[in-house]
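For this one, two forms of the same chain are given in structure tokens, first as structure 1 and then as structure 2.
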Structure 1
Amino acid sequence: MTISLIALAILLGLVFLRVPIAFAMSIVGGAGFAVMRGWQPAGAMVGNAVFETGLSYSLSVVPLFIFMGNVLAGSGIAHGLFAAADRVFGRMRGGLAMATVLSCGGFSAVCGSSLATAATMSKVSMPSMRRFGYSDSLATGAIAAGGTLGILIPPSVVLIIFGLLTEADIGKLFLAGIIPGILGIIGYLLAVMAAVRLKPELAPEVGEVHPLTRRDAVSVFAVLALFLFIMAGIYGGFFTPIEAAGMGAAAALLIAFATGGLSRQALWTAFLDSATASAMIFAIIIGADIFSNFISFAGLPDALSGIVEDMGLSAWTVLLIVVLIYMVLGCFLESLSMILLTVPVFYPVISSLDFGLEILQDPEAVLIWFAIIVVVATEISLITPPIGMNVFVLRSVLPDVPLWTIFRGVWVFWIADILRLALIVGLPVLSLYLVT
């Protein structure tokens, strides 16, 4: 266990030195394995990790779902979602911010990427909120927080990666994410209401409702139809979750061409962005695989389980400690890297505990519940300083908005997320109701 802790310290040191997390995990994992087994076995392990990840059929869902989201983003679907949401909340104080949250939730249902959701909605909603006098802090806070819904509401790339790591049923993980995702939208809407009630100067008293055009209505119908097509196909047994990625990407292309919103340049951009994002994700997965092989061989998961058993801590106390660790790590690590790094360590510990609830007697139920807890904790990390990946995405899209302004705007949404996480931990039925 000592060598594992030393390796973790070196890994965090490399991250602080701005070494890309994929390379940091590969270097530490490969070198650590070489120290324990020798350089030849370490080279074989690294080569095997690269080969298996690159040729993994299961991981084909990653570029396909990312491409599906990029196609819809380039076709102008997000504009229609925002206009429809504005019809619901437009005349309320803070209505445009609430419309942003609702449209982020809708776009997340067909995107699966938090960063893509935040980047797309910043281009759609930010100009309108500025035009009507919304403060930059509330406007960017709503976009950054709403974007986090992309990794929970199905289809979610992060839930897919979690399922592949733990061999969980991806279809059930998708089902489990629906209610917590809806709770997230409701919590963010209440957060906007609370913010404008406490500080009325954040938003004008009455907004202007945008007229809903035929194209906007078609966009809403298209998103709803695509979401239902994917979910019905999976749970109706017509195709597997992996095949659903291909079906969803093809359907997104048909919708984009049918609505006439996808230009040749937008399609080319969707291909390039999907390839870039997929390459980054695959590099991180390879690094995490190398590092997890090392820590598993070093016996860190078994050692942690033994420590928990020797200390006599209750299952709920251990879970609370794990959640707090995720909150701290989220301040320094990117979300996908954090999940790939920690799940192989923490899941064996959590699965060995007895939480004393009938609904958690099935090991699969514990796995699905823990997955939702991890993803929600990861959502919180996306808007938590000093990393806050969604905040940095907004900063790159809106270079005239200071980082501190964006972080100041997300605090009320951060509180809503903490309350939601507490509910999901304390009431497992919220995650497991649709599954069971």
Structure 2
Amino acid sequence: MTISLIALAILLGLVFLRVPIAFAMSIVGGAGFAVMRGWQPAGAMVGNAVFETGLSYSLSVVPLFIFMGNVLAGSGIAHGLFAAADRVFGRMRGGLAMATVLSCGGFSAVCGSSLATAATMSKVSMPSMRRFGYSDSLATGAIAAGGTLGILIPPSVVLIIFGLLTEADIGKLFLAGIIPGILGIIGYLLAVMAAVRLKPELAPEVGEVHPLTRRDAVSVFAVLALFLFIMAGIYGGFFTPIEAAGMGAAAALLIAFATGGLSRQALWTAFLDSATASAMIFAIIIGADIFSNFISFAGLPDALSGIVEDMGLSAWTVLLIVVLIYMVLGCFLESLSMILLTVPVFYPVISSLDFGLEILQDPEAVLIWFAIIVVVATEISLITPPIGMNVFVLRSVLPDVPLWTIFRGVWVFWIADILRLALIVGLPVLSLYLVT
């Protein structure tokens, strides 16, 4: 346990000195393994982790779901979504921010990644909000928060990774994310309303409502069709959730070409961005794999479950502690590494608990419910300082907006998220209704 904590401290030190998270985890994990077990075995372990990660069949969803989102982003469909959403809320104070939230939710239904959702929507909705005099903090906050829905509303790379780690049914995980995702949209809409009521200067009194063009309608229709194609394909037994990524990418290409919105340059960018984002994600998966091999060798998971057992806590108390740990870790850890490092530790603990509810009698139900809790906690970590990945994405797309402006805009959404998390923990039926 001590060596694990020392290693965690060194890891955070390296990360704060700007060593990329992927390599910091590889170095600390590899060196820690070497200290405990010798350099030769540590070298072999690191080599295996690097070589085998790329060969994980199920992780093929990473480049393909990201590519699907990037193609749609490049084809202008996101603009249409935003314009259509603006029709709904355009007459209200903060309407454009609300339209941003709604179109983030819509885009999440065809994009597997939160970072890609935030990056796409920032390019789409930020210019309009600036033109109408929205404050940068509310505008970027809405995008950063709305973007987190990408990993909860199916398809979702994170839910697939959770399924891989726990052998849960990925199709059921996708279904389970829908209601909490819609709750997320509603919560963020209310958050915008609350923010502009408290501080009217954040947004102009009314926006300008444009008539809905044919193009906007086509965009909405295309997103809906693609989402239904993926879901019907999975639940109709035509393809598996893994294959859905490849089929979805092909369908997105078809839609983009059919609507004529995808230029050659945009297609090239979609390919390139998907490839580089995938290498970034795989580097993190490799690092997390090496680090978690060390952590599990050092006995941290066993020690933790031992502590929980010895204290004789009730199931709900344990779950509450786990959620709090996620909140704290979520401040410091990058989202994907957080899931890769924690789920193997917490999942066995949670799955052995009895929550005393009818709906949670089936161990699979507990697992799916826990998956949604973890994903919502991860969404929160994406906008929690100091390491909030979605905020970083916005910062890189909008280099002129200071980091703290974005974090200042995010807090109302953060409160909405905490309330949603409490609802999802307290009412498992929200996650399980569509599954059973």
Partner chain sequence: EELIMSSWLPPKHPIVVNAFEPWAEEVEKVTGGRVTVRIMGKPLGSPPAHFDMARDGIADITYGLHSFTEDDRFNRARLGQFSFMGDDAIANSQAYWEIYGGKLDAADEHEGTHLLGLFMHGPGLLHNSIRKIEAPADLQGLKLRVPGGYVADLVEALGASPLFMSSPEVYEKLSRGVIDGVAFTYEAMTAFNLTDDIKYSMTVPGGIYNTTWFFAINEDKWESLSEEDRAAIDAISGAAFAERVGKAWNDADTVAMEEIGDKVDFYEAPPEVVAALKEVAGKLEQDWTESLGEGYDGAAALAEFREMTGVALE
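Along the sequence of structure 1, residues get numbers from 1 upward. Heads up, when I say rigid core I mean the largest set of C-alphas that superpose within 1.5 Å between the two forms. Every value quoted in this text rests on a predicted model; they were computed, and no experiment measured them.
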Block containing the form predicted in complex with the partner chain is structure 2
For Arg408, is the C-alpha shift between the two structures 2 Å or more after core superposition? no
Once both forms sit on the same rigid core, is the C-alpha displacement of Trp369 at or above 2 Å between the two structures? no
After core superposition, I'd like to know whether Gly177 moves between the two structures (criterion: C-alpha shift of 2 angstroms or more). no
Determine, in Å, the CA shift of Ala7 between the two structures after the rigid core is used for superposition. 4.2
Give the rigid core superposed Cα shift of Gly30 between the two structures, in Å, rounded to one decimal. 3.8
